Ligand SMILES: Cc1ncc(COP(=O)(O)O)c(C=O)c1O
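Given next, in structure tokens, is a single chain: the form predicted alone.
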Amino acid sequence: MRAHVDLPLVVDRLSPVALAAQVTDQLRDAMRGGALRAGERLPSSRALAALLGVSRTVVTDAYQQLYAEGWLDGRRGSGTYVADVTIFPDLVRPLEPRIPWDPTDPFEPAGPDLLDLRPGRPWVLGYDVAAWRRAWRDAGDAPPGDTPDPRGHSDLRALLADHLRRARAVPAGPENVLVTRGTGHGLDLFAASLLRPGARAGVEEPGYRVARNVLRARGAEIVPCPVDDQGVIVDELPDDLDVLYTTPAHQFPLGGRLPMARRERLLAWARRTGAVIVEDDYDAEFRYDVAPLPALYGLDPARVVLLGTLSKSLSPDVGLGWLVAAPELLARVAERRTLLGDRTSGPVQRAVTTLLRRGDLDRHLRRMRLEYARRRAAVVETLGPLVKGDTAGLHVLVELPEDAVGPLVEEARARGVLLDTTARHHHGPIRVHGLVLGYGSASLADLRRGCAVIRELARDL
């Protein structure tokens, strides 16, 4: 039987904050801090309104907001309960106070006079214009839908499963695929649906800043996990993590590629500790001079959640990705999406379906592998031994002495070249110093020019 709990709530009629917002905030804080636990029954809206001396509408509005955020669960006539927001029993931890979220540092937009060599952007001008127009014409010919499937269109999920099987040796069917708006969105859906506030979330250090922000915003405690030039250091992972976010195909930002032996040790660690691994496969389609390594998900689908996106392979403007996991986990995520009214654009899904069905996306990837290989070769040729992490992806690490990074970036900007540094990607003290150099979005000629500026400045500083 689920327990009923009395609530120490107070409303202040003199406060400028609306009464419903006061009740919502106090209940949310109680669930975050552990005063309210999963399965505990809340008073009915009528009873709580009488207790607080407010209208029933105030309590109903507060409950509806918390339902929408996923904090509450229940059905009409059966009561209101604190939601159990995890599917894995071993993720359940005592709730801890939420860690304040720090916004990302401002990321300066590149003006027309600046050559942007920061990471994260692909070459979007290399697409097949005819294929692109055909895909959107097909999407426009279909009537708009009125009942979107929270998992995504069934034909798209089947095509994505086949694409992942061929491209990444991922043993998934359409029942394992949920269509998202990208890796950040997929991670947010995972965290919102399956992690308790206060869960311990390991993130690579240095690592993808958006992943830290998403998990922190969902109330997780961020645990920095050191990496080396091969990826996450398994032997230094703590045993009390609930989830580990990792980028094994091309570690961001250092560029390491997790070797097979370390992948097996990582999965053994997850089985021993009960942690869930979230694998971000963000640019795994692009590799150079090396054989492909299987995705972690393909080695152990029971303990791994796989995230993917078209942001690097096609364009971030498309806004489509995928989350691959066990069907029972996806059911929980789909339930949360329905509750929040969250969806991926239907026309976008139909356009990508056409690109996949006709083989246009595969042809685009083959062209871009050759294009990026030429750019990567130009970077290595120009910068030589300064370059690390160049076996895959769309960026490299340019290691520099600590005292040289700041002056080089400032002087490069004065010469019209915008650069990113490793400092922005650390959660704590800076361990690795240098540049995170993206070569996806610049033309080959511009890339050579920008690398020549870096080489000259590195030699002079």
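Residue numbers run from 1 along the displayed sequence. What you are looking at is a predicted structure, and each value in this text was computed from that prediction instead of being measured.
Quick note: we don't show the form predicted together with the named molecule, though the next part is all about it.
With a 4.5 Å cutoff on heavy atoms, Thr183 counts as touching the named molecule in the predicted bound form. The closest non-hydrogen atom of Ser193 lies beyond 4.5 Å of the named molecule in the predicted bound form. Mapping the unseen interface onto this chain, Tyr372 falls outside it, with no heavy atom inside 4.5 Å of the named molecule in the predicted bound form. In the predicted bound form, the named molecule lies farther than 4.5 Å from every heavy atom of Gly298. Although the named molecule is omitted here, in the predicted bound form all of Gly120, Phe252 and Ser311 have a heavy atom within 4.5 Å of it. Comment: 239-247 is the region of 239-247, 374-382, 360-368, 146-154 lying near the named molecule in the predicted bound form, near meaning a non-hydrogen atom within 4.5 Å. Contact annotation for 270-300: residues with any non-hydrogen atom within 4.5 angstroms of the named molecule in the predicted bound form are Asp280, Tyr282, listed in sequence order.
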